[in-house]
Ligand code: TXA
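Given as structure tokens, the chain that follows is alone and in the form predicted on its own.
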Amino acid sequence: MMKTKIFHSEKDNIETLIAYAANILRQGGLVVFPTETVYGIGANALNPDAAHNIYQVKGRPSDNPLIVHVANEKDVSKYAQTITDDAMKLMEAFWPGPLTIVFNKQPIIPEAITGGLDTVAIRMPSHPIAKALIQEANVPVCAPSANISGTPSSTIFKHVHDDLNGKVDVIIDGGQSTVGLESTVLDMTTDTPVILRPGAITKSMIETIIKRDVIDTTVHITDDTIPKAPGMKYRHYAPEGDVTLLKGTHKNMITFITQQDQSIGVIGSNELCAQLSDYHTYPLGPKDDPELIARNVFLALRTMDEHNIRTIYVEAFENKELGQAIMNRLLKASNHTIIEV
């Protein structure tokens, strides 16, 4: 195990921690840093060896591409071949923020971070620490979620520390992620733009900006599929316990849950959890507040592991707009196990 340098943004000097972490990135090291979506484990995207270390630390399949993070829109042309007018409109509307755009890549981007593909996924994060770190490092930063591959993504310092202390050079504590789900991934290399991963930037938001239809892909991913974006193919977001989604009215969910052993865990809206005081529950937020629910999904799954809960029931939410991104993560966490009650 290596000695991991820990920084806490509320206590440590920001300029000092940014300068130290940026130097580590330039030298080929690994830095865990906060973003508005989830925490990321970052490396110099132009250094294949550094990118390879991310895959090793996470236990991530090498054909699962990494997202490249930049600090300025003008940097995109260094790494992407063709930037269409629609892509420019989307960057102007949603960057910095939780939208990743897939472009055809420039040769400078190594295949080590693209899964061997000729495309590259690029995002400009809005978190001030992420922006400052990338700017100071003066290199593009490839950064998947800062967790062991397949487990729930990390949205607080404790969880990245639990997973990665002693495995990376630096961890920066920047508080809880405000969005709580990974970015929307939009492929702009096809005639019709294609959403490869849903997130906080929704299909309707994208279509409003570019004034044309977008395909929201839900194509079945097989073992032979070449994933074009993170999370398309492999098991993701799963805690150690078995997750089952419950679809139906709160009344029917309560009837079903109260027939189960009290050792189970329940994740759901405040309204549902308030009626299950005899069970271990994690209220995500009011049912009509999808932003708060999204922010707490991974935190709830992680908390179930901390309490050694081995059977977890999760309320299914409306599968539209931000709810679609929430359900995307929950369906993957449950291996698409759902019971209608």
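If you're wondering where the values come from, they're calculated on a predicted model, not measured in any experiment. Start at 1 with the first residue shown and count on from there.
From this point on, the text means the form predicted together with ligand TXA, which you will not see here.
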Thr37, Ile67 and Val185 - do all three of these have some heavy atom no more than 4.5 Å from ligand TXA in the predicted complex? yes
Just give me the single entry in Ile206, Leu117, Ala112, Val76 that has a non-hydrogen atom within 4.5 angstroms of ligand TXA in the predicted complex. Leu117
Among the candidate residues Ile129, Ala137, Ile210, Leu196, which is the single one with a non-hydrogen atom no more than 4.5 Å from ligand TXA in the predicted complex? Leu196
Want to guess which of 271-279, 39-47, 305-313, 285-293 is within 4.5 Å of ligand TXA in the predicted complex, heavy atoms only? 39-47
Contact label in the predicted complex: Pro152 to ligand TXA, heavy atom within 4.5 Å: no
4.5 angstroms heavy atom contact with ligand TXA in the predicted complex for Pro144: yes
Does any heavy atom of Ala200 come within 4.5 Å of a heavy atom of ligand TXA in the predicted complex? no
Answer with yes or no whether Val168 is in contact with ligand TXA in the predicted complex, where contact means some heavy atom within 4.5 Å. no
